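One chain is shown next in structure tokens, namely the form predicted alone.
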Amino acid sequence: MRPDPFTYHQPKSLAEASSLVAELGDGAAFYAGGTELLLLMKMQLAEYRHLVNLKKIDGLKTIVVRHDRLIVGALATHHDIALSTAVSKHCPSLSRLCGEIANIRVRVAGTIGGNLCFAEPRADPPVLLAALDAVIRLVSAHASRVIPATEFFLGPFETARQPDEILTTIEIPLGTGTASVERMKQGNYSLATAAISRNDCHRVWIGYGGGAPKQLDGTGALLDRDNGCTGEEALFSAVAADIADLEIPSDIEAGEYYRRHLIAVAVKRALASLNGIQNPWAH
């Protein structure tokens, strides 16, 4: 299928792009990699009369270390991030994750900013960025603001970004400990994702295909008490308690109870990875 006709705009600055979308209203959308937006338009699930291309704006693909932060430009592709020496050195979990997303065609075209703004509930980067205490910088024609990744994702396909705001960078603090992420996949998509970071305490975040990433406070507290050496039975019980009231989707890909089990398995594997254990079933 083909999308309905649309006008293609190519602004040269953030202010121009933001002003265009504000002026054009609901019929306009920012365009970056287009891997998800164009698919929806081709399927007639979304209709935009104007696409405002961000690719001509300088500086949005840059990946740098500045002061105490790893700064990833929103138009950096998953492939760019996976190959970046700065990312592999300072945030290897993000490097690995971006190198495994979907397939090479998607990784070469899809951008990290587009992934976050689309807020597909099965997406994996939001879960890891929440665990990493990342912040997201948003810019409009009139203002800019920084929002924690933990507050950016509100629900399926819903974020805190205003229509005329452009996500410009993702900023990850350095020296905040280690992190790991594990995915339970069905084809190119994850049925469950778990990310754990550890500095002065353990922070456990999950993605489950039904909403914004969720922090498992009880599981994190248990890992703190056990110094990260929690056994499988206790770990699975803590995860089950943390997600007991969570509305887990049940669909053709997997039923609710199976997904609940996969969430616990993903957490176990993320913990094993964090502890440097090659075989997550070995202990």
Partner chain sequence: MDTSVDISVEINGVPVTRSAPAQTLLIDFLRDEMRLRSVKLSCDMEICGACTVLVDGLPMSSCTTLAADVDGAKVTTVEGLITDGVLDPLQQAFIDHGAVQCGFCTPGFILAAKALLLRNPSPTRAEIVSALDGNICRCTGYKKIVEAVRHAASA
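Everything numeric here is computed off the predicted structure, so don't read it as measured data. Numbering follows the first chain given and starts at 1.
We do not show the form predicted together with its partner chain, though everything after this point is about it.
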Completion exercise
Checking 144, 178, 188, 162 against its partner chain in the model of the complex, the residue with a non-hydrogen atom inside 4.5 angstroms turns out to be 188
Fill in the blank from the handout: Answer key: of 104, 86, 154, 174, within 4.5 Å of its partner chain in the model of the complex (heavy atoms) is 104
Problem - residue 66 within 4.5 Å of its partner chain in the model of the complex, heavy atoms - result: no
Problem - residue 44 within 4.5 Å of its partner chain in the model of the complex, heavy atoms - result: no
Problem - 4.5 Å heavy atom contact, residue 137 and its partner chain in the model of the complex - result: no
Exercise for the section: May I ask you to state whether residue 39 is within 4.5 Å of its partner chain in the model of the complex, using heavy atom distances? Expected result: yes
Practice task
Can you check 248-256, 66-74, 232-240, 27-35 and let me know which stretch has heavy atoms within 4.5 Å of its partner chain in the model of the complex?
Solution key: 27-35
Practice task
Taking only heavy atoms into account, state which residues of 106-122 are within 4.5 Å of its partner chain in the model of the complex, ordered by sequence.
Solution key: 106, 108, 109
